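The data below hold one chain only, encoded as structure tokens and taken in the form predicted on its own.
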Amino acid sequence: MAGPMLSVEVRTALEKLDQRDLLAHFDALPKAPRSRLKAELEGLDWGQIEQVRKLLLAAPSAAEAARLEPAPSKKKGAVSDDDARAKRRGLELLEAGRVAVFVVAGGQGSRLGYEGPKGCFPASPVVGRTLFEIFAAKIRALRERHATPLPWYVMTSAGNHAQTVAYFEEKEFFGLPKEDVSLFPQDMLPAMSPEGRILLAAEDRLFLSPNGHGGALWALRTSGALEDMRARGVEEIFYFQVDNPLVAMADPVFVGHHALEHAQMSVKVVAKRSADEKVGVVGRIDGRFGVIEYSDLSPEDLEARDESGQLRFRDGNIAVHMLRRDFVESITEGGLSLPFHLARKKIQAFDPESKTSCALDGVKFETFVFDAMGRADRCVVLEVDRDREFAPIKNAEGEDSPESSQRAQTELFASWLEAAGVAVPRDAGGRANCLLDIDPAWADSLDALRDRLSQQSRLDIPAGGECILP
């Protein structure tokens, strides 16, 4: 029995984009798989698909080499008067309800051996608070300290949206008002063959992949989040990615520097560990702010030093941004006006002719949020201390792993405790000889910890032991 028919709009779009093989496959399917494929096809943004297909099929042009330069940056803490003024301005905006928090959380924990959304991964050193729990606790601390609503927007993906929503509901939104937390998925785009043919993952499923972290800005518009922010009076958006438990949430100093400079988009950076650290650096590309990929720097530029002996291209991007809400509105008016990048790779796809799955040459399409800096007239680049603000969980072991991140968390907490007058046992190499875990809702900074410790008796931390606060 024939299944449901495609809408006229989708069938017309497929014909216009020369997808007759896909149409013939759809028309030949039985009712149940046809229904599933119809739902996917009718959920796509066909204007965006036309855009990326044109990009794929365009004849390559001989691009002129871009002029790459370091970008001027501020160093947090380097000029205390500047930071103090920025902090005052940042606190004014927080307390007036002008700031929102936005986390990009579309990833899965599969690279960590964890089945589920990465935000549900246990990340803290002793208690095993999940990434979402850590972020929520930091937001609660700011809300209570500054009497601010600080709404939280969470972008998921099609693959983890239902699980993420279920987790937030199970945890009763971590003590935050449900109306101040918004969860929504980002858009997906089908992969294509090099000839522009849309690929299938199975007979009844398209091979879909997220449209990149730049798609987060488009998701803010299509989800209604930008409208919600406007209605709340939010002017500034604090953006970060889900894998960094050390993120300084809605950092008033960063918020203030961004606002005082009337910047449209700003970025935090850390000094590269070494010339060969494979990280994008913030700089100027043909005079505009942007992120210069490691592979785009010549060996000479990678090793180049300034007069002080520091790397010229040293500002490693950590994907923490401030964005004006009206700037995001402007670059998503009528569509996402960021360039698409083509990722060519082998894809395990379904071949309608042979009815089998096989490895095919394929192309995925992504946008990068940092490309929006090139659209900004003003941008603040704020260098921060890696040890205090950046300990991502990306790999199962080694650098940027759960172990390295938990060690960084312990070292940060140890520095706070020592500054507050508490002795922390250390080994011969100077590392904290213990595991420390501080609930961010109880104390999310040195100043907050000092206030808390002044209200309790002496704290003793045994060598080789564990300490949980409160």
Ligand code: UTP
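Numbering starts at 1 and runs along the sequence shown. All values reported here derive from a predicted model rather than from experimental measurement.
Form predicted together with ligand UTP: not shown, discussed below.
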Practice prompt. Taking 4.5 Å between heavy atoms as the contact cutoff, choose which of 223, 332, 148, 108 touches ligand UTP in the model of the complex.
Written response: 108
Fill in: Candidate from 371, 251, 243, 236 lying within 4.5 Å of ligand UTP in the model of the complex - any heavy atom
243
Worksheet item: Is residue 213 a contact residue for ligand UTP in the model of the complex, using a 4.5 Å heavy atom cut-off?
Response: yes
Discussion item. Can you tell me whether residue 186 touches ligand UTP? I mean in the model of the complex, with a 4.5 angstroms heavy atom cut-off.
Written reply: yes
Discussion item. Can you work out whether residue 100 and ligand UTP are in contact in the model of the complex, taking contact to mean some heavy atom pair no more than 4.5 Å apart?
Written reply: no
Item to complete: Although ligand UTP is absent from this view, report whether residue 389 comes within 4.5 Å of it in the model of the complex, heavy atoms only.
Response: no
Worksheet item: Of the listed stretches (226-234, 100-108, 120-128, 275-283), which one has a non-hydrogen atom within 4.5 Å of ligand UTP in the model of the complex?
Response: 100-108
Practice prompt. Could you tell me if all three of 76, 408 and 447 have a heavy atom no more than 4.5 Å from ligand UTP in the model of the complex?
Written response: no
Fill in: Residues in 380-415 with any heavy atom within 4.5 Å of ligand UTP in the model of the complex
394
